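Just one chain follows, in the form predicted alone, and it is written as structure tokens.
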């Protein structure tokens, strides 16, 4: 059986204190990678994730960082490179998902979602790429969404940001591949995390959502993390600018 081995590599996971980010950080660590996670507010949750990761015998560090602020992103990347020497894997996971109806959505609501979900993805990628190019090696993995593939009513700002992430991945994939830097994307459908807890807490709404998924349930964060681990490994070495859809069959999109 082929085993994914990331021993000695360093992974940077944005928004790694909870949900998909935390699950991805843990799975990358189980494969042998040292891990740095970023968080914005919940220091305790970030430290809990790091403690669990360090128990598996690898190094982990939590860095507070506002993903939408270029100066903080650059400082974060510089500190990781100083401590670990290189960044082999970048997982652009940090994001927000908030409701907003067109006609009532404020500019502030729009800007917050685009700044964190799309601009943050650009800022971290832009900061990490020079080092990856220098080493002629690297994996960049974006976390998008089915909303970016098909749209999502009452979440137009979120769908626009995730559609932008997918287009960004398609653009930089061919640009970076000649340098040995491989960029791909994971597009989850519904996932049971604290971000969606309120939605799934409504039994009627949860039942309606599950009826739209051929598998009959939402994904776990670990199931999304499995796709992240695959894209971080050499098993995906010939995938470039691709989007891996992990949605239980609810959205069949290229």
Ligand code: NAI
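As the structure is a prediction and not an experimental result, all values here were calculated from the model. Residue numbers count along the first chain shown, from 1.
We do not show the form predicted in complex with the ligand, though everything after this point is about it.
- Using a 4.5 Å cut-off to the ligand in the predicted bound form, not one of 139, 169 and 244 places a heavy atom inside that distance.
- Although the partner is absent here, residue 191 sits close enough that one of its heavy atoms falls within 4.5 Å of the ligand in the predicted bound form.
- Proximity of residue 25 to the ligand in the predicted bound form: non-hydrogen atoms within 4.5 Å are absent; the residue sits far from the partner.
- At the 4.5 Å threshold, heavy atoms of residue 195 reach the ligand in the predicted bound form.
- The closest heavy atom approach of residue 20 to the ligand in the predicted bound form falls within 4.5 Å.
- In summary, among the residues 116, 160, 127, 176, the only one with a non-hydrogen atom within 4.5 Å of the ligand in the predicted bound form is 116.
- A heavy atom within 4.5 Å of the ligand in the predicted bound form is found for one listed residue only; from 123, 80, 143, 182, this is 143.
- Note on the interface: of 50 to 58, 225 to 233, 27 to 35, 182 to 190, the segment with non-hydrogen atoms within 4.5 angstroms of the ligand in the predicted bound form is 182 to 190.
- Residues 93, 94, 95, 96 are the ones in 81 to 98 with at least one heavy atom within 4.5 Å of the ligand in the predicted bound form, listed in sequence order.
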